[in-house]
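Take a look at this one chain, the form predicted on its own, written out in structure tokens.
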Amino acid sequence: MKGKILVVDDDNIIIRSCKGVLEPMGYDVSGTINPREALELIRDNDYDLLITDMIMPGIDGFELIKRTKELKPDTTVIAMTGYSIKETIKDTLEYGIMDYLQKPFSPNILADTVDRVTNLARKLKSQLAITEEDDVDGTHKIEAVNALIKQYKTVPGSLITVLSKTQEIIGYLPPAIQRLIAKGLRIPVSEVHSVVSFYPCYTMKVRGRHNIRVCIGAACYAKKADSIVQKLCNHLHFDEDNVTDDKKFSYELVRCLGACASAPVIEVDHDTHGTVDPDKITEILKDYN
């Protein structure tokens, strides 16, 4: 079993859809339309992941996340919303959510988000507990980040500098590191996250020397974007972080690359490739050494 998941949404169709996608992937999925029942389930069970809608009658998603963290602090959370992500993420990040799903979402986006979040949560629990003594791929790296934060914590407008230098040290900016920076600079976590998610130079995932972005938006998905992903995985043999063993390539799924007329589309580093034939993906990658 890959993990135990609780889905909470006042629409049973969403719960059934999540089960239909995630159970064949090896997850144990439970669901309820009642947030109060969800709290009872959380109290009596140990879930690896809570996926919850944010706007529900009675106890809403914000309150559910807050109470979940009080009952079971280690529970990883993904927030679902049909409203503005910026408004939702601003509040939910303060409660320690790991990611979000904006409705409506495709099966591919659901599967990728859940796999990515559960893998990251597993690593954070074993390697990146959020204290000043903890370790990120080596004690010297977290010490370097703490020294950097100390150096800039009294410098106004230093967030961009700290994020850039931290990414140089660690290689990426996972949620635990974002919260560490926010705490050190005494600014809201939502502010740190908004900068990391807005600028494409920052990443919350480990990346290879060449990063491949595969669009799985509606237009690309309809034109077999999933076949491109399958060909990539068969050819390059990515690890659980979607990075090859030699660190040459990494890949990620994105919701849109802004080139729907050329679907299916991929982006390698800063190069956009349109009307991609899945059988010719290896030819495209030959140009990247």
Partner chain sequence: MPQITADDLKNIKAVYKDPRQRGARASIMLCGGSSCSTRGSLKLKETFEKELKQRNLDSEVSIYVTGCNGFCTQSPLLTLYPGGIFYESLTPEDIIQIIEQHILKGEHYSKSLYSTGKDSIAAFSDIPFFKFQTSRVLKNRGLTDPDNIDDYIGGNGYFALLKAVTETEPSAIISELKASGLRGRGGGGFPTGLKWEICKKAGSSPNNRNKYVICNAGPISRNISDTDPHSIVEGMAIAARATGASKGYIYIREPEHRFIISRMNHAVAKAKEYGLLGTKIFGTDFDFDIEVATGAGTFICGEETALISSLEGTRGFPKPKPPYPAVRGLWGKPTIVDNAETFANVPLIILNGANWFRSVGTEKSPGTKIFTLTGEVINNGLIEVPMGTTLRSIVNDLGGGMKKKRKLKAIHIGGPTGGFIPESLLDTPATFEDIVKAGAIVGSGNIIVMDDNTCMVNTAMFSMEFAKGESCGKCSPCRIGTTVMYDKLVDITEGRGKPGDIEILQDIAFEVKRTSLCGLGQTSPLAVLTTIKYFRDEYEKHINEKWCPTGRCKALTTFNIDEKACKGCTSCARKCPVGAITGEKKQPHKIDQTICIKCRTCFETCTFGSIRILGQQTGTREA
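Here the structure is a predicted model, which means the values were calculated and not measured. Residue numbers count along the first chain shown, from 1.
Omitted here: the form predicted in complex with its partner chain. The next part is about that form.
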property	result
Which of 111 to 119, 141 to 149, 70 to 78, 214 to 222 lines the interface with its partner chain in the predicted bound form (heavy atom within 4.5 Å)	214 to 222
Interface membership of Pro104, its partner chain in the predicted bound form, 4.5 Å heavy atom rule	no
Proximity of Cys233 to its partner chain in the predicted bound form, heavy atoms at 4.5 Å	no
Proximity of Thr275 to its partner chain in the predicted bound form, heavy atoms at 4.5 Å	yes
Touches its partner chain in the predicted bound form: Lys248 (any heavy atom, 4.5 Å)	no
Listed residue that, although its partner chain is not shown, lies within 4.5 Å of it in the predicted bound form (heavy atoms), from Leu257, Val229, Leu49, Val29	Leu257
In the predicted bound form: members of 157 to 180 within 4.5 Å of its partner chain, any heavy atom	Gly157, Leu159, Ile160, Ser164, Glu168
